[in-house]
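Single chain ahead, by itself, as structure tokens, in the form predicted on its own.
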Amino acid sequence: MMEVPFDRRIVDDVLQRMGIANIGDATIRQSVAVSEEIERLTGTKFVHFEMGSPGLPACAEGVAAQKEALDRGVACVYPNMSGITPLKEQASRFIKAFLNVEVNAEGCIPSVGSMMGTFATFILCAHLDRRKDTILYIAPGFPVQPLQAKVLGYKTEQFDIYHYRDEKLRDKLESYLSKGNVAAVVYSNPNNPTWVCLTEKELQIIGELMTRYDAIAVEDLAYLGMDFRKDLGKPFEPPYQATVARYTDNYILMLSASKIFSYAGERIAIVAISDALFNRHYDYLQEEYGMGTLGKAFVFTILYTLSSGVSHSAQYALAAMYRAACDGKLDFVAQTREYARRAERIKAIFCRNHFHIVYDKDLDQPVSDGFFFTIGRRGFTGDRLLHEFLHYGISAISLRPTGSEQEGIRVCTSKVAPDTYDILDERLRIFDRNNPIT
């Protein structure tokens, strides 16, 4: 048996000191901390797949606009709770340009990243109808979102979409919605962690059921435009980003600047609420918060208690990036296509070392290359594979905490530079020799 790159005692000691009995249970941030500590002790760099952080420079248009806003003195002024007018107007325009959906500027509200946006939205959805106290997740998904509901003390349900594509999705969703207790259905598209992309037919199914059962679709578009099998980067021209917003009025969209504009450090996103939903009155909302109109309660009660607005200068940055994208001066999709190129190379390295892609298909199409993908190894659970990878200088997260029922791990392509490919290939070759598939 070949010697692994890291002494097992070092890895086990780090896990013990950090109080992590099973690395598969670790949060993303804990996984990063573990790998960084092993790096420090061994002096050898890891291949980092765990953190979904942008690996491209921030959009220059945003940086310039933010600097200009700071020079004008906005740092000392609280922004409007609903968002500054230029951002709201450009967000509405951006949604029309790339989704071909009309959302009034009033319903485009900035939040401190989509993390705060979903947290606030879960609070909102749980206070619309006293009978609807459960949030349903179409899994796999971003592990923090179910954690948010847990922190809030809300009931949750989830199911793995792996076996429920196309028309099967209807029956599965309806089996939950028919109970009458589901307030919201949450999913990402493209999907974190699998990069599965829901089809227009599947989104139509979701939309029709949201209307029938009066639940709200919370659609996380963190990776908007990144189904690179299509050219989604031309403003006001088809094809457009797939969205449930074409099939129901019961939707709230999350549009983060973190990945599409590589603006994660400034923590800004847009929560886009449909016009019908924004102006809808709920008796239970009135009873609980003294403000019955959904949009007003969201802004002036829920967001107000979380933060007195969103970074003033960052709002000007996002407005500028939206404007440049809509004017055809910023092709953010062409820029983020770099992630697809990285995914293609990294997938090939894994596959030639006898790993397999876990979520490999969108119905009859190979899943798109992009920001994430999933890999597995015959004979290994996801948790065991993750633990073994620590001894080979590879860090990722297990699929299990994402709600997946499949065995494997999530690979994030964003931080893997081309000069890391040979290192990854060498470590996987050693792993393959030490763990032959029988």
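What you see is a predicted model, and the numbers here were worked out from it, not measured in a lab. One rule holds for the numbers: they count along the sequence shown, beginning at 1.
Keep in mind that the form predicted in complex with a further copy of the same chain is not shown, yet the notes after this line are about it.
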**Request:** Indicate whether a further copy of the same chain has at least one heavy atom within 4.5 Å of a heavy atom of Val32 in the model of the complex.
**Result:** no
**Request:** Tell me, yes or no, whether Gln66 is in contact with a further copy of the same chain in the model of the complex, where a contact means a heavy atom of each within 4.5 Å.
**Result:** yes
**Request:** Answer with yes or no whether Pro57 is in contact with a further copy of the same chain in the model of the complex, where contact means some heavy atom within 4.5 Å.
**Result:** yes
**Request:** Examine Gln365 and determine whether its closest non-hydrogen atom to a further copy of the same chain in the model of the complex is within 4.5 angstroms.
**Result:** no
**Message:** Is it the case in the model of the complex that Asp71, Phe119 and Lys150 each bring at least one heavy atom within 4.5 Å of a further copy of the same chain?
**Reply:** yes
**Prompt:** Which pick from Leu306, Ala276, Cys351, Ala334 sits with a heavy atom within 4.5 Å of a further copy of the same chain in the model of the complex?
**Reply:** Leu306
**Request:** May I ask you to choose, among Cys326, Val101, Ile123, Ile84, the residue with a heavy atom within 4.5 Å of a further copy of the same chain in the model of the complex?
**Result:** Ile123
**Stretch in contact, per heavy atom within 4.5 angstroms of a further copy of the same chain in the model of the complex, of 284 to 292, 225 to 233, 197 to 205, 171 to 179** = 284 to 292
**Request:** Could you run down 253 to 277 and flag each residue that has a heavy atom within 4.5 Å of a further copy of the same chain in the model of the complex?
**Result:** Ser258, Lys259, Ser262, Tyr263, Ala264, Gly265, Glu266, Arg267
